[in-house]
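The chain that follows stands alone, in the form predicted on its own, written as structure tokens.
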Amino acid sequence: MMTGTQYVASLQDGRRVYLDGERIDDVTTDAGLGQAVRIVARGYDALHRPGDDARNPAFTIPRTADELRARCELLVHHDVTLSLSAVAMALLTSSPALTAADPAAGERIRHWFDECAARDVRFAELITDAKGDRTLAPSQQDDPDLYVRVVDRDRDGVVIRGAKFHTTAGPIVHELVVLPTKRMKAGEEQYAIACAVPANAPGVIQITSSHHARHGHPRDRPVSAQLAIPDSMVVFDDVHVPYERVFLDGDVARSAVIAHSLGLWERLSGVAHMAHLGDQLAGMAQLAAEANGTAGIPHIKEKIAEIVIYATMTRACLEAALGNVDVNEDGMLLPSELYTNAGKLHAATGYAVMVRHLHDIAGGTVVTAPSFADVDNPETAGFIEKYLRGARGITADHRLALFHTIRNMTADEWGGREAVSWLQSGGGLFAQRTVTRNHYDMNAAKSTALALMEATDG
């Protein structure tokens, strides 16, 4: 297993990354990306175990209910690069179906997975193409590169060209895992490509956005300081991929298999994270009400109750997903498609309302509170301590920390990024609604309705 220091060194590999119009020669020292690197490095140190046989628990293939539950707990309490191991779980989940068409596919997936586990690497999921005119199929676009495609091949591998968007952690991981964004059709074989590309491979270019504050007092942004990871648009400018790293090539009939499997594992991670997030929202709401002296007001209590119910129902869906598992042909446990998707849909659709309740309870100081830098300034500190204190026993420091945490969590650049991310991650609301509907036992529901009708007729 890698240490944090070894992880940092592993990123100094000549990868081609741009941020704010400038080429970043070293992502580990850059003001916009270095903090994210340090977050991940701390996670490496926290998980590190000595010995050649030590293995990061994120690489455990769940074969028991306890292992599946332990995976969710692991993801919630570590940085998001561990959650992105969902793409490896998706490939393993898809392996039986892919092997049916290509007997060597499963072997390539397992060999790559074992090699990644031995190196203790981190992944990024690359699924969303540029897409251009979304009313047109990939082969109908005015530029054929608007979906990642195979443009050439030789006896050793394929050459891919195109771009993938919304790549969380791309600049600071080791493996970029490319998947088709949707089911391809006959005639679109060049777009049916799934493969793994090293982040420093020739021809890989990342145009990055950072969500870390590069100025201001560190206590003003306590959430993003612990969690913020960059995103990127990844360009493949004629990148050669060896066949041993190619998992799907031209098989349009199975082009959506991996994306569907990724949706399952990504949404399970989302439900686990949002169950934890629901508890944080409830706690913040209660703390804000107590600090403001409004905890006993009926409409405040009602809003907090709604957040509590939201958090409880999200966690109930997580428990149902873990308690109603499926087993694939390789003996790998899979969370319930029904409860995973219903839970992610519930959490994502309700999040904005819960944040609105939190803002209503906390008040406008969430976005107008002075900086902790003003607390450090002797010319202004006394005024803040005098006027920003809250209900009896609530200090200005406590109240200021509360307001800045809520703002950073829900209302500034990082909070805005998270609001969009929770809505879109795992494929968006329509996909979750569709999968939930498809996995609901409607025949059983109809039978119960018919039984009621027959009883009424009797």
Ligand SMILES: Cc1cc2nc3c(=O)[nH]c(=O)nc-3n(C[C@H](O)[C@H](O)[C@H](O)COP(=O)(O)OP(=O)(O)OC[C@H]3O[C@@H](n4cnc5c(N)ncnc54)[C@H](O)[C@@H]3O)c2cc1C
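Quick note: we count residues from 1 along the sequence shown, nothing fancier. The structure displayed is predicted, hence computed values, not measured ones.
Omitted from view is the form predicted in complex with the ligand, to which the following refers.
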| item | value |
| --- | --- |
| Residue stretch of 403 to 411, 42 to 50, 59 to 67, 419 to 427 approaching the ligand in the predicted bound form, non-hydrogen atom distance within 4.5 Å | 419 to 427 |
| Among the candidates I160, I127, A347, A105, the residue which, in the predicted bound form, approaches the ligand to within 4.5 Å (heavy atoms) | I127 |
| Contact assignment for the ligand in the predicted bound form, among E175, D79, D231, D120, heavy atom within 4.5 Å | D231 |
| Contact test in the predicted bound form: Y243 vs the ligand, heavy atoms, 4.5 Å | no |
| Contact label in the predicted bound form: T167 to the ligand, heavy atom within 4.5 Å | yes |
| Exercise: R134 in contact with the ligand in the predicted bound form, heavy atom 4.5 Å | yes |
